[in-house]
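Next up, structure tokens for two forms of one chain, structure 1 and then structure 2.
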Structure 1
């Protein structure tokens, strides 16, 4: 069975032709051109769908679109997606159905990473797990008994806004100290620079003093790999905050398998080991049993695969 998966990002629209057992058959990317307004972006998404459809050698069962923002429970409407000027509340599924003639469904992009993992990745091994995406921001998805858990209105699993320190730094949240403030890429880099600039003898200071905005988490990892103790310490502190967030997720949901994905997660044990140790110290004892953090190696392909699986999940296939 063939479907089309679309990953709608602020910079690029990624598309894929997806087979229900073989996975991705064809992928491509076009620019989003978000600054040209919502109607233009919707036309670009429709164009991407047609590009994927032309690669199919059979009937397309449906189209799944992963989008930032909060998505309605019926998988049609996007509300206030970040980095999309002029978008407030948009029935994206209906508009794309009209433009393409295909059955279209929309869900949160992090939700779809979880769905893709559950069908094709590390999540296949588990009936239930929590996906935490560590990228530009921090997002998440919850798989419960092999299905996405969406909450009462479709907005569940905004895991990046769970507060780990009410007096902490700001992020894309009305409250301070959400986990995104510590592990979202640019927020993590800003916190790191605040410490690095106190150490003018450190190689990281010498490398980025003239352009602190260029500092990214990968630079911390590269320095940690060659023995930079400050870089290792900064990554450890971020990992400890992640561990506190995981305690909150696990105590609320009683799901002990945590999958992590996204660019920041490639820091590996520099972040994940302190996250694991911190969580184990703070979890109530019954919740420590079977607790595990697993890296999802599918990367961004998980979101495309999840988008392609969305029409199937909608029909309980």
Structure 2
């Protein structure tokens, strides 16, 4: 069965032709041109859909679109996507259906990462799991009994905004002390710099004193790799906070398989080992059994694959 997956970003629209068992058959990218306004962007997405359709040697079952912004429970309408000037609220699915004649559905990136992983990645092994995406921000998706758990209005799994310290630092949200404030790329870097600047003897200080804003989690990983104990310590602290957040997810959901993906997750065991150790200490005893953190290696393909799975999931296929 063939579907089309679209990843609508502020800069580029990525597209893919997806086969339900073979995965991504063909991918491409065009510019979004968000500055030209909403109607133009919708035309660009319709164009991307037609580009993918042209590569298909059979009927297209439907189209899934990963989009920023708030998505309605019925997976049609996108409200207030950041970095899309003039876009308040739009029934994107209906508009695209009119333009392409194909059945279209919309969801957010982290949900689609979870769905893609569930059907093509590490998530295939589990009926239920929690996907945590560690990137610029921290996002999440919940797969429960092989379907996305969407909550009452479609907004479940805002996992980056689960609080681990009520008086903790700010992130991009009113949720002070949320896990994103510790692990979101920019916030993690800022917290790390606050420590590094106390240690002018450290190589990290010397490297970034002139431009602390250039510090990224990957630099901590590189330094940890060559034995910089401060770098290891800073990554460990972030990992411990992640462990606290995992305890919260698990005590609410009783889903004990955690999949992680996204740029920061490439810090691997520097973050995931302390996360695991902290969670194993803090989880109620029966919840430790079967608890596991797994790295999802599909990378960004997971979101495109997940978008392609969305029309199937919607029909319980």
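Numbering follows the first chain given and starts at 1. Between two forms, the rigid core is defined as the largest C-alpha subset superposing within 1.5 Å. On a predicted model such as this, the values are computed, not experimentally measured, just so you know.
Q: Choose between structure 1 and structure 2: indicate the form predicted on its own.
A: That would be structure 1, which is the form predicted on its own.
Q) 2 Å or more on the CA of residue 32 between structures 1 and 2, with the rigid core superposed, yes or no? A) Yes; residue 32 is a residue whose C-alpha shifts (by 2 Å or more) between structures 1 and 2 when the cores are overlaid.
Q.
Following rigid core alignment, is the displacement of the residue 255 C-alpha between structures 1 and 2 equal to or greater than 2 angstroms?
A. Moves: no, less than 2 Å.
Q) Any chance the CA of residue 267 moves 2 angstroms or more between structures 1 and 2, core superposed? A) After core superposition, the displacement of the residue 267 C-alpha between structures 1 and 2 stays below 2 Å, so no.
**Q.** Cα displacement of residue 41 between structures 1 and 2, core-superposed (Å)
**A.** C-alpha shift for residue 41: 2.4 Å.
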